[in-house]
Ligand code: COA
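Just one chain is shown here, as structure tokens, and it is the form predicted alone.
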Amino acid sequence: MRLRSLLFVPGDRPDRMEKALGLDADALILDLEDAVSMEAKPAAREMTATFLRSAKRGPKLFVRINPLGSGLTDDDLEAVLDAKPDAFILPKAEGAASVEALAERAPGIPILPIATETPAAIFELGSYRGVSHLILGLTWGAEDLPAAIGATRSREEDGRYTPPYEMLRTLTLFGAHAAGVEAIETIYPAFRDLDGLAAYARRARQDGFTGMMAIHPAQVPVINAAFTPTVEELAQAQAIVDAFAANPGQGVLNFGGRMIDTPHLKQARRVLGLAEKPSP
């Protein structure tokens, strides 16, 4: 499953859901949590379930349910489970135990945990390796945690994350790769700043993230471009693979005036694999 861009859509806005089907997002996240007021949640559940049953084309359809322990999860699942979403987004996840608890109530549906939204969650990031068969990726966020610990901000004035939250980003990245699942970058909140988004998304891919969440339709093509190998990258990767194929048994090669070895071959194959992954 290719997951470059995952676009949030409010669960009580079927008009926006329908429009989002025409975008090039790899997945839509139909949101029953933060985007929906408490009073609107019952209607949002029904609207989301109806949309899931009627949408027969386009991107994968994920549902962000309310957190375990919120008192709202059972109603979310009762409303949408039979409509068979492609995955559940689990906010405020606290490691493998949270994943297993949701999987018991929603068997057979993959889970994408948001893994850094509570203080306790941080110490469970390594546990997702034990439930890799139940999750399709791991993502993070820096919106809820500052309020939980009394921090005044998570970003510097220039937009960079402060050191504690940069650490969380890094731990999520390695936690995802340790589990062998997709590493999904968090949102870029300044949705009108597409140049800033492009730079942020490029950095995310350079660091090892495989996709990114979006909060506005205009962000989708920018994110897709950042996480899609260019023609030049594909040509370079293919040339590295061909060079090793032409020199079987050699672990180190002279390639264009520089030495390359097994890690370069592995990375080249990864780049080619990104281009080969089919759209949903």
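Quantities reported herein were computed from a predicted structural model and do not represent experimental measurements. The numbering used is simple: start at 1 and walk along the sequence shown.
The discussion below concerns the form predicted together with this ligand, not included here.
Only one listed stretch (186 to 194, 71 to 79, 125 to 133, 97 to 105) carries heavy atoms within 4.5 Å of this ligand in the predicted bound form, and that stretch is 186 to 194. Listed residues Pro229, Pro217, Gly58, Pro42 were compared with this ligand in the predicted bound form; Pro217 is the one with a heavy atom within 4.5 Å.
In the predicted bound form, this ligand sits within 4.5 Å of a heavy atom belonging to Ala20.
Using a 4.5 Å cutoff between non-hydrogen atoms, Val9 counts as a contact of this ligand in the predicted bound form. In the predicted bound form, no heavy atom of Arg270 sits within 4.5 Å of this ligand. Contact annotation: Ile240 falls outside 4.5 Å of this ligand in the predicted bound form, judged by heavy atom distances. Contact with this ligand in the predicted bound form, defined as a heavy atom within 4.5 Å, is made by none of Ala176, Glu182 and Arg205.
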